[in-house]
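Encoded as C-alpha cells, the following chain is the form predicted alone, with no partner shown.
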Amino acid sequence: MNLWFTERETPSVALSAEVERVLDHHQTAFQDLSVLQTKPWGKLLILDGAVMVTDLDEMGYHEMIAHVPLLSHPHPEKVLVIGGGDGGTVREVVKHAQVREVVLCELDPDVVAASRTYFPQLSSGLDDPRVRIVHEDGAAFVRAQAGAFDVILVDSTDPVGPGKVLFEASFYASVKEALKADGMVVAQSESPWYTPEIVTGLVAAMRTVFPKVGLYTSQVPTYPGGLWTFTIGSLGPDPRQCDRRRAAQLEHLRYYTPALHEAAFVLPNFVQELVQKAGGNL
C-alpha cells in the first residue's frame, strides 16, 4: 500500500509526504489528532489536518520561539507557554537555569498525552520539577494572571477555532496585564509568503499595547513556505540583544546561535514592508 499524507496549505498549494505507519488517529474533545511515521520527516503530529511538529525540523521552531526572548530578557524567572502541548517549547525554556517556574497552558490534554507517547524527545521537559501543566483556555487563563510573568510564549495553532482569539488585540491587552513591568511576549505569526495578512494583523494587534514590537524569522521546512515568523512585543528590553554569556551555558542546541538571534531580525524587504505597514518599530 502506498499511503501519503497531504496538507492543503492554501486552496491551491499542498505539501505531501509518504507515510510508513499510522501511529495514532482519534478525535479529541477539541480536534482531530493524528501521529504518523513518515519517510522524509520521521514522526509527524497533525491537528485538524495541519502539520504541527515533525522530528525533522521542530528545532527551527522551538529553539527560536524560546531562546530569542529568554536571552534578551535580563531576568526571565517565570514563563508562561500558551499552547505548545507537544512540550518542545517547554523543553527549551527549562534549559535556562534562571527560570524558576514554567506554566504550560494547553487546552487539549490529548496533545500532551500523544507527545509523551510518541515524541519523548519533545516532551522530556514536561517532567522538570519547575513545570506546571494546566488544561485551560489560554485567553481565559491569562486574564487571571495580573503581573505574574516575565515572558509569555504563544505557541498556538493557526488562527482558526479555539486559536483565533490568540491573534486578536484584546488578547494582547490581557497579555500585557499578565506581564511584569519589563515583560516580553512572543507569538508564532505564520508565513509571510502565504498569509501576509496574519503577519500584519498580529504585529498591529501587539502594537496597540506594546511600546516595542517587531518580527523575526526562522526556517521550518514543513510549515507553509518554509520561512516562518515570530512577532515579539516588549515592555522594556530590546529583543535584538542577546546575552551571549547565558547563551554559552545552554546545551543540546541544534538551530539557535547568538549570531542567528541577531540576524533573525534582519528581514527581506517584502517582510519588512509588512511590519512597517502594521506599525512595528524595532
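When you see a residue number, it is the position in the sequence shown, counting from 1. Quick caveat, the model's predicted, so the values are computed rather than measured.
Note that the form predicted in complex with a small molecule isn't included here; everything after this is about it.
Comment: the small molecule is not present in this chain, but in the predicted bound form one of 156, 123, 174, 195 has a heavy atom within 4.5 Å of it, namely 156. For the candidate set 50, 250, 56, 227, a heavy atom within 4.5 Å of the small molecule in the predicted bound form is found for exactly one residue, namely 50. Using a 4.5 Å cut-off to the small molecule in the predicted bound form, each of 7, 61 and 188 places a heavy atom inside that distance.
Although the partner is absent here, residue 150 lies well away from the small molecule in the predicted bound form, with no heavy atom inside 4.5 Å. At a distance threshold of 4.5 angstroms between non-hydrogen atoms, residue 86 is in contact with the small molecule in the predicted bound form.
Among heavy atoms of residue 223, some come within 4.5 Å of the small molecule in the predicted bound form.
The candidate stretches are 61 to 69, 209 to 217, 231 to 239, 34 to 42, and the one lying within 4.5 Å of the small molecule in the predicted bound form by heavy atoms is 61 to 69.
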